[in-house]
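In structure tokens, the next block holds one chain alone, the form predicted on its own.
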Amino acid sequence: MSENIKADKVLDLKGLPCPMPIVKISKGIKEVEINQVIQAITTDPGSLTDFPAWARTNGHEILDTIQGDDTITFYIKRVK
């Protein structure tokens, strides 16, 4: 599915320990317009639970999550 998703902003969060990926995505989501998409690339395994919980709490939508060998990539749509 992700090959059909156009990211309006890319955040490279690789190497950042918890809680920094959430801190950075919280700031980054405010830098795009409503209905735009952020691609967030992280190496923090905790992001697999942190990002969906953050998105639910803040009213955003995770369009796709891709687990690679060393990275986890999220496509997050700003809803509000």
Partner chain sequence: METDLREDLLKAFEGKLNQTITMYLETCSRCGICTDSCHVYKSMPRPEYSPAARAEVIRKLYKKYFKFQGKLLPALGEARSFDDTTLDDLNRAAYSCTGCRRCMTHCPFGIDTQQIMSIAKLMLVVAKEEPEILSMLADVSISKGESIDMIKQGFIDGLKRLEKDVVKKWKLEAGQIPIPTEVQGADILYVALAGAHSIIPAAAVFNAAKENWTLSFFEAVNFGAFVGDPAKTKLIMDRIINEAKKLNVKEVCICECGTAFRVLKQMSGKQPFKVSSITQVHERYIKENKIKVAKNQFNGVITYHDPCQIARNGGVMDEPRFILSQLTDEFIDMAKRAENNYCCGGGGGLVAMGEDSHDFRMKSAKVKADQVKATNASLLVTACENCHSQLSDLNKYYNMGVEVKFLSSMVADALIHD
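In this text, all values refer to a predicted model and were calculated from it rather than measured experimentally. Numbering follows the first chain given and starts at 1.
Below, we refer to the form predicted together with its partner chain, which is not included among the displayed structures.
- Contact annotation for the candidate site: 20, 24 and 54 all lie close to its partner chain in the predicted bound form (heavy atom within 4.5 Å).
- Within 4.5 Å of any heavy atom of its partner chain in the predicted bound form lies no heavy atom of residue 34.
- Using a 4.5 angstroms limit between non-hydrogen atoms, residue 68 touches its partner chain in the predicted bound form.
- Within this chain, residue 72 lines the site of its partner chain in the predicted bound form, having a heavy atom no more than 4.5 Å away.
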